[in-house]
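Laid out below as C-alpha cells are two forms of one and the same protein chain, each shown alone and named structure 1 and structure 2.
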Structure 1
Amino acid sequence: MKELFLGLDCSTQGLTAIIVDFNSFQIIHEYEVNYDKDLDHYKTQNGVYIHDDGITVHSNPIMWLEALDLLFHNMMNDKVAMNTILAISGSAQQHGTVYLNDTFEKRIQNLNPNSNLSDQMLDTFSRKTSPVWMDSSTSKQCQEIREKLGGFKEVIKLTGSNTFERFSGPQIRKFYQHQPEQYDKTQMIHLISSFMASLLLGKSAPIDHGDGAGMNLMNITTSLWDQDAIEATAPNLRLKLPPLVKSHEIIGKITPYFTEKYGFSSNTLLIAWSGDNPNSLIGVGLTSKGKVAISLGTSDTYFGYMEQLYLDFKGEGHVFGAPTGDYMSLICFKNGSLAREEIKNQFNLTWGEFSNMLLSTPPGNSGNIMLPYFFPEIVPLVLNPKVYRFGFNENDPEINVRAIVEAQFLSMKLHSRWIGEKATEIHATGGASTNKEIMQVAADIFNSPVRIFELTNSAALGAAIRAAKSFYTSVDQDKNWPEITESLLKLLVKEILYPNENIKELYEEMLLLYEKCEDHVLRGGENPEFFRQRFKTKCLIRDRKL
C-alpha cells in the first residue's frame, strides 16, 4: 500500500510539486509551473519584476495563486491519486512578504471551488506586489533598525543574523515609511510560506521557526517574536504578524476548496510551511551533527545542521531554526557559478576542458592564490569587485582554473569557522555539483567525504519529507530524522568522493595563506608574499616527489 506525501515549493521562478511514496521510498511524481513560460501574461523575468533602480525586486502574489490552481489541475488531469495523499507541507523563497487587508481571513474561509483562486483573492491585498529575497533597496532601514537595537552585534545576538536588505523586517519598515496609509490598512503580514499555507488551510496559517528566523523579528534563543525588534521596525506590527510555531506542527486539514475541486481527501493533514533553506536542509539529509551541504549555483551556499546555537558576530553568516527543532547555519557567496564561468569563458574552454585542467594541476597550485571578486561579494563584504592574483597573471588558463576553484572552497572553509561543529560529511547539490573534479577539490580542502546527489528540487523534497515525519509522529510511528531521510536519500546518491589524506596538511597551510591574502587586501594586513614563497617552496618539493 502506498504512503504518499506531497511537498510543494513556491520558488522565485516557479511552483514545484514532489510526491514521495514512503512505502517504497521513491519519488513517484514531479510537476512544475514556470512563471515566465506557463503564466507569461504576468510578464515576469525569472519570476520577478526588477525596477528601474536595479535594486527593487518584487513579484506578484496573485501569480502564485494561479500557479497553485494550474499545478493541481495538471496533476488531476494526469490521474494522480490526490485522495491518497496523507499529508502536505511546503517551502517558499525565504524572506519575501505578503500584505493583506481585512477581507483576507473571510475570503479564504469561503473559497468557491467553482471559481479560481486568483479571481477570488484579487482584492484582498493591501500591497499589490511582494518584495522578495532579491530586493536590496532597504539599506537605510537596515541601518535604522541596527541603531535602534544597539548595533549589529546586538542584532545578531537577538535574531541570529545582522540586518540584511532582503530580510523581512527592513522590508516591512520601508513599506511603513513609504506607504503609511497602505500599511495602516494592512491587517496581516505573511511570509510567502505562511501565505501559501493559509490558502490550503482556509485560515491564516502560522509562521514556522525556520522561516521566522529570516525576518530580523524573531528571538533566535526563545523562538518568540521579539518586542524590541518589532518596535524598532514599525508601529503596531505585532498585531499584524501570525503566531510562530514549531516546524513540525500539524496546523490543520486541507480546506474544502481543494477537496471538492481537485479530489484531495478531507483528512489530508497540513504541516507548517517553511523557507526554502530549512526545507533544503532536510531535502539533502542534514539531520545530525557534522553534516553540511554545499550548493553550487548562481551563488554558492554553505549550510548545515547545528546541534547547538552558534552565532557569527562578524555578521557574515545566518542562523535559522531547523525543522528538526535545532538550528541551521547558512553562508552565501555571490561569486559562485558566474565567477567560474568568467574563467571558463575567458579562455574559451568547455566544462570538460575546465575539468581536465583541474586534474592536470597540482593541489596547492604551486603557491598561486586568487581572491575571486569578479562581482560584488557579501562574504567577505566586497562592494567594489576586483580579482586579486598572487604569484601569477590572468593569461595562464591552467593556473587560473585551479585558482578559482581552490579559492571558492578555501573561502567557504575560512568563513564557516564560527560554526563550532566541524563538518564531517558534505552533501553536494546545485548545477556544478555534478562536476566530479570540482567536488574533489572540495573533499580535499575540507578533508571530508562528499556525497553528490541527483536532486532537482531539494526544497520540495524536504517539504515532502517533513510532511511524512509529522504524519508518522501523529500516528505514533515515531521514526527519527536520520531513519526517514537516509532511507530515501541513499537511493539518490550519485557518487561519493573521498579526500586525499596525503594533502590534508598542505591545504591546512594553504588556508592560513589564503587568510593572510584576504586580510592584506581587505583590511590592510601585512604583505603575505613571504608566507606565499615559503608555501610555494613546500608545494614544489612535494610536486617533485610525486
Structure 2
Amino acid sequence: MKELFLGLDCSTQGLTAIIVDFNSFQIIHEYEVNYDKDLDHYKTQNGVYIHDDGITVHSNPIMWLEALDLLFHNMMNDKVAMNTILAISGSAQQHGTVYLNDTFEKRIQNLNPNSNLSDQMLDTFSRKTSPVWMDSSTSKQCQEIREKLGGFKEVIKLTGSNTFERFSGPQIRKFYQHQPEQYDKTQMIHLISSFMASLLLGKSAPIDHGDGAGMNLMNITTSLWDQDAIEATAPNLRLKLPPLVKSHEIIGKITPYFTEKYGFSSNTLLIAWSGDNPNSLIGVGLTSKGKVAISLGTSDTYFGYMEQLYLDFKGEGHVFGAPTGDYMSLICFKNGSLAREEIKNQFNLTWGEFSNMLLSTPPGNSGNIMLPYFFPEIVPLVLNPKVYRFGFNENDPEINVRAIVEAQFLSMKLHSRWIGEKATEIHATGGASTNKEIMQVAADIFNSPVRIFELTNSAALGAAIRAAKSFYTSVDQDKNWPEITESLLKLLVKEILYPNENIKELYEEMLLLYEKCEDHVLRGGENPEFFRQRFKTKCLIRDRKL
C-alpha cells in the first residue's frame, strides 16, 4: 500500500512537484513548470523582471498561480493518483512578498473549479508584481530600519540577520514610502510560501518560523513578531501580517477547488510551507551537527544545521528557523548559476564543454583570479556590478571558466568562516550540482568530501519529507528526523567526490590571495599584485612538475 506525500517548490525559475512513497522510500513522480518556457506570455527572464536600474527585481504572483494550475493539470492528465496523496507541504524562494487587497480572503474561500486561479485572483492584489530575493533596491530603507533599531548589532541580535536589501521588511518599507495609497489598501502581506499555501488552504495561511526569519521582522529568540522591528518598518504593519507558526504545523485540509478540479482527497492534510533553504536543509538530510550543504540554484547558498543560536556579527550571514525546531545558518550569493551562465553563453559553450575546460585547466588557474560580480552581490555587498580580472582578460574561455568556479567557492569558503566548525561533509543540491566537475572544485577548495544526489531539487523533496513527518506524528506513528530522512536519502546518493589532498595547500594559499584581491577592490586594501605573482610562480612550478 503506497503512502504518498507531495512536496511543491515555487522557486525563482519554475514550480516543481515531487511525490514520494514512504512505503517503498521512492520518488515516484517529478513534474516541473518552467516560467520562461511554459508560461512565456509573462515574458520573464529566468523567472523575473529586472528593471532598467538593474537593482529592482520583481516577479508575477499571477504567473505562480497559473503555474500551479498547469502543474496539477499535467499531473492529472498523466493519471497521477492525486486522491491517494496523504499530505502536502511546500517551499518557495525566500523573502519575496505578495500584497493583497480586501477581496483576497473572500476570493480564496470561494474559488470556482470551473474557472482558473489566475482569472479569479487577478484583481485581489494591491501591488501587481512582487519584489523577490534578487532585488537590491532598498539600501536606504535598510539603513533607516537599522538606525531606528539601534545599529546593525542590535538588528542581528533581534532578527538573526542585519537588514538586507532583499529581506521583506525593507521591501515593505519601500512600498509604503513609494506607494502609500496602495500600501493603505493592502490588507494582507504574505511571503511567497504562505501565499501559495493560502491558495491550497482556501484561507490566509500562517508564515512558518523558517521563512519568517528572513523578513527582519521576527524575533529570532522568541519566534514572535517583533513590535519594534514592525514599527521601524511601516505603520499598521502588524495588522497586515499573518500569524507565525512552527514549520511542522498542520494548517488544515485542501480546499474544494483542488479536490473537485484535480481529484485530491478532501482529507489531504496541508503542512505550513517554508523557504527553499529551510526545506533543502531537510531535503539533503542535515538534521544533526557537522554537516553543511551547498546549493547551486539560481542563487548559490551555503547552509548548515545549528543546534544553538549562533549569530554572525560581521553581518553577512543569517540565522533562520530550521524545520526541526532548531536553527540553521545561511549565506546567500547572488552570483550563482546565472553568473556561470554568463561565461558559458559568452563563449557559446554547452555545460559539457564548460566541464571539459575545468578538466583541462590546472587548479590555481596559473595565478589568474576573478572577482565575479556579474550582478549586484549580496555577500560581500556589491551594489554596482563589475567583474574584476587579475592576470587575464575576458577573451580566454578556459581561464574564465576556471576563474569563475574557483572564485565562487573561494568566496563561499571565505565568507562562511563565522560558522566556526569545519564541516566534515558537504551535501550538494541545486541545478548545477549535477555537474561533477564543478562539484570537484568545491571538494578541493573546501578540502572536504562532497555528496551528490540523484535528485537536484532538495527543496521540493524536503517539503515532501516534512509533509510525511507531520502526517505520521498526527496519526501517532512519530518517526524521528534522521529516521525519516536517511531511509529515503541513502537510496538517492549518486556519488561522493573526495578532495585531492595534493592541492590542499595550494587552495589555502589561493584563499588568502582571493581575500587580498577582495580587500583591495572593495575596501581599498593593499595591491595584491606582489602576492599574486608569488602564487603564480608556485602554480607554474607545480604545473610543470605534473
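Please note that residue numbering is based on structure 1, beginning with 1 at the start of its sequence. Model, not experiment: these values are computed from the prediction. Throughout, rigid core stands for the largest set of C-alpha atoms superposing within 1.5 Å between the two forms.
S.K.: The form predicted on its own: 1 or 2?
M.R.: The form predicted on its own is shown as structure 1.
S.K.: Relative to the superposed rigid core, does the CA atom of Glu505 travel 2 Å or more between the two structures?
M.R.: It does shift by 2 Å or more.
S.K.: How about Asp326 - superposed on the rigid core, does its CA move between the two structures by 2 Å or more?
M.R.: Shift at Asp326: below 2 Å after core fit.
S.K.: After fitting the rigid core, is the C-alpha of Asn527 off by 2 Å or more between the two structures?
M.R.: It does shift by 2 Å or more.
S.K.: Check the Cα of Gly336 between the two structures on a core superposition and give its shift in Å.
M.R.: Its C-alpha moves by 5.5 Å once the cores are overlaid.
S.K.: Rigid core superposed, I'd like the Cα shift of Ile496 between the two structures in Å.
M.R.: Value for Ile496 between the two structures: 3.1 Å of C-alpha shift.
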